[in-house]
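In the form predicted alone, a lone chain appears below as structure tokens.
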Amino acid sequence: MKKLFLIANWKSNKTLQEAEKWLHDFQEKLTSENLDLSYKEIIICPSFTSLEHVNYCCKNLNLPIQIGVQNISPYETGAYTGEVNGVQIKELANYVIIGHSERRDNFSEDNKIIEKKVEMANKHDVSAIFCIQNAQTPIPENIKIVAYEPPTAIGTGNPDTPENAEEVAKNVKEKTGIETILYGGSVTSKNINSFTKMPTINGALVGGASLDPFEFLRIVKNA
């Protein structure tokens, strides 16, 4: 059975108290469900403000969850006000989302900046979850996880079709040799299986639906 990556991108949401409650609710429901997670990697990507507390809670609750971040500085340690660098991130997380269309659009991140972020992630052994908007999006070298997120599907409630997502995944795999390709964009517990049952799709990057611990657990269960 293929390994599935199920990633919760909380974006700019949740206070410390809200993040802690999410994790406790998730743990309680997960325990009652008694799911087989042997082939599923669950990754939570909180805001930087709650990153340390989420890490602590996951360990304290013995949750089978890996921690990721939503951004990484393209620079090393130094005089870069407002940035969080790879050395700091590696203390608390093993994954980072890079190239998301919201970063490209809202913060004017171009391919040059994105490539520098990938370099920093690789240098500090933080696995990049690299977002592409279509099969033509340039992918830097040394990427092992790609998430196909069509902008028209992000936060709109209008996901891509599983068939088209599979075509994009196959195209990327054939061009790059990257084995782990995810789908993202209006993912729910009702449609997740239609994507993960596709031969080339290895999971999902989940936005809005991941804010509800019970809905996210249903996504994990149904994948």
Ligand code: PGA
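Counting begins at 1, following the sequence as shown. Just so it is clear, the structure is predicted and the values come from calculations on it, not from any experiment.
The protein also exists as the form predicted together with 2-phosphoglycolic acid (PGA); that form is not presented, and the subsequent description refers to it.
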Quick check on G208: any heavy atom within 4.5 Å of 2-phosphoglycolic acid (PGA) in the predicted complex?
yes
Proximity of A153 to 2-phosphoglycolic acid (PGA) in the predicted complex, heavy atoms at 4.5 Å
yes
Non-hydrogen atom contact K117 with 2-phosphoglycolic acid (PGA) in the predicted complex at 4.5 angstroms:
no
Are any of the heavy atoms in N171 no more than 4.5 Å from a heavy atom of 2-phosphoglycolic acid (PGA) in the predicted complex?
no
None of S47, Q66, S186, Q27 but one has a heavy atom within 4.5 Å of 2-phosphoglycolic acid (PGA) in the predicted complex; the exception is S186
For the chain shown here without its partner, which stretch in 138 to 146, 118 to 126, 94 to 102, 81 to 89 has non-hydrogen atoms within 4.5 angstroms of 2-phosphoglycolic acid (PGA) in the predicted complex?
94 to 102
